[in-house]
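As structure tokens, one chain now follows by itself in the form predicted on its own.
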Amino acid sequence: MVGASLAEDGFRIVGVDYRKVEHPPDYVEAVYRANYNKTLIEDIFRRHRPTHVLHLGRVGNLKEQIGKRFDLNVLGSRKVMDLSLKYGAGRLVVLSTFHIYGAHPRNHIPIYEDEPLRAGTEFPQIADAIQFDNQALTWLHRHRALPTVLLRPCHVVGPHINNTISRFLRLPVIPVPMGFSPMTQFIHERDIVAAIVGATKGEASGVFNVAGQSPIPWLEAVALTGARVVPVPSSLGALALRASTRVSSAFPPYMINFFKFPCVISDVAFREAFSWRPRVTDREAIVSTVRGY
């Protein structure tokens, strides 16, 4: 969707993915299958000399071995950033996630971009995502000659999104931890596309949170799905979630805390820097994720 929007604005789109792309869309000039830390990726940069690089391919799938995720997310991302500088790109956009802040009972509300990253202290499954983000943050401060934007969006959902949270919201039966209903943020696929496109075409650089219109209580979000809600003791939350056939072993353990504790981010800096506003409410985003899938 990001590529389609940029193509409409006259950009030539070249795609790279470590997975095989069976049916690339018509607006893509070429699609390459390449690991981000291998030799082929430099051949692609040398051949096409991109003016804008969008690194949107962080691997969050826990089914991938931790070593492979580290190679792609940390080593591969560093190579993509270095090649962007080497081959004269004029702008770099890197997509991270607000999961790195972690959901915690002592979180500030809201969380700004300079807050500590709590997630890694309890859950090693997100360690590579934190290293990925820290590396990008350090890189953008060291290489100011290449304007770089690091985005940390909240839960991204929508009818065309197949990530963990979207699959969870589509379950016919949703377990919820008893006694918890933290404020939760969602951003619709159309709004995150507009945010990425805005960051690509804008002039500001730095690290920015990105969120939807306003947070809503988790129990209200679940009620909007139309699913049957089953309260479970907090200690059994992980077992209940993993019992679902749609989330199974790929469900990240750290996500359970997002159903219990707050992680509400402020995206005031991004809205002001790029004159951006989300158009889809969090409630509308949840409903479209389930009914429009």
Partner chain sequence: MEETPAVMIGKALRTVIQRGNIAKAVDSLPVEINELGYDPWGLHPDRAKLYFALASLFYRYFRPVVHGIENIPDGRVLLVGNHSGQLPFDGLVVTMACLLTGTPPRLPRPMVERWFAVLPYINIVFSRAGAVLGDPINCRNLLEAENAILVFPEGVKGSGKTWKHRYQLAPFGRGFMRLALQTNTPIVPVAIIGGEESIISVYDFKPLARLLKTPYAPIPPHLFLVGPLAFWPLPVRFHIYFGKPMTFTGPFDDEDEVIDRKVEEVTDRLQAMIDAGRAKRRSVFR
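Positions refer to the first chain, counted from 1. Source: prediction; values computed, not measured.
Beyond the structure shown, there is the form predicted in complex with its partner chain, which is absent from this document and is the topic of what follows.
Note that among 159 to 167, 144 to 152, 107 to 115, 87 to 95, the stretch whose heavy atoms approach its partner chain to within 4.5 Å in the predicted complex is 107 to 115. Though the partner is left out of this view, residue 198 does not reach within 4.5 Å of its partner chain in the predicted complex, counting heavy atoms only. In the predicted complex, no heavy atom of residue 206 sits within 4.5 Å of its partner chain.
The closest non-hydrogen atom of residue 283 lies within 4.5 Å of its partner chain in the predicted complex. Residue contact check for residue 75: none of its heavy atoms lie within 4.5 Å of its partner chain in the predicted complex. Highlighted residues 214, 217 and 220: every one comes within 4.5 Å of its partner chain in the predicted complex, counting any heavy atom. Put simply, of 41, 224, 256, 53 only one has a heavy atom within 4.5 Å of its partner chain in the predicted complex, and it is 224. For the stretch 174 to 213, the set of residues having any non-hydrogen atom within 4.5 angstroms of its partner chain in the predicted complex comprises 178, 179, 180, 181, 183, in sequence order.
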